[in-house]
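As structure tokens, one chain now follows by itself in the form predicted alone.
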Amino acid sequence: MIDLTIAEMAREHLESVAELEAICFSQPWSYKSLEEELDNDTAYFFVAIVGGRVAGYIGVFVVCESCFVSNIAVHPDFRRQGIGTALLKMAALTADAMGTEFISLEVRKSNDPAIALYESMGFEEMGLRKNFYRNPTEDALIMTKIFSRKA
């Protein structure tokens, strides 16, 4: 079992998160874009820390009763160790605690490991965005987890 800490993203994490973006995505967010989210009242970004190192991160936006995952990334050195699951749980707990009706995300249609993770966490396929991704061009599945609310 790894020694994992999930924390709110802070200025001190930005360089590592920007590096992680460049490693994991064909169209990464810039350092400046990530920095701007620190002052965004609708943004909630969390980092996974292992051995003092940023091993992964997730960003979500909460607007009205909706929550959308902007990105989730785990460094290749730390994959398949439960970090993605821990980050997604933190995002879902945050969304649920804020009273949102659901949490939703897009995922490359070919990303079977991510799809399996999302399904294991209660996300279901709700739609398709044609040609959503670039480098390479690919469709995105829209996956959503709906929170049950008692009236």
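All residue numbers are counted from 1 along the displayed sequence. Quick caveat: nothing in here was measured; it's all calculated off a predicted structure.
Keep in mind that the form predicted in complex with coenzyme A is missing from the display, and what follows is about it.
- Look at 93-101, 36-44, 22-30, 122-130: in the predicted complex, residues with non-hydrogen atoms within 4.5 angstroms of coenzyme A sit in 22-30.
- Of the heavy atoms in Gly59, none are within 4.5 Å of coenzyme A in the predicted complex.
- Contact check for Ala114: a heavy atom falls within 4.5 Å of coenzyme A in the predicted complex.
- Though the partner is left out of this view, Ser110 does not reach within 4.5 Å of coenzyme A in the predicted complex, counting heavy atoms only.
- For Gly51, no non-hydrogen atom is located within 4.5 Å of coenzyme A in the predicted complex, even though that partner is not displayed.
- Residues Arg79, Arg80, Gln81, Gly82, Ile83, Gly84, Thr85 of 79-93 are found to place at least one heavy atom within 4.5 Å of coenzyme A in the predicted complex.
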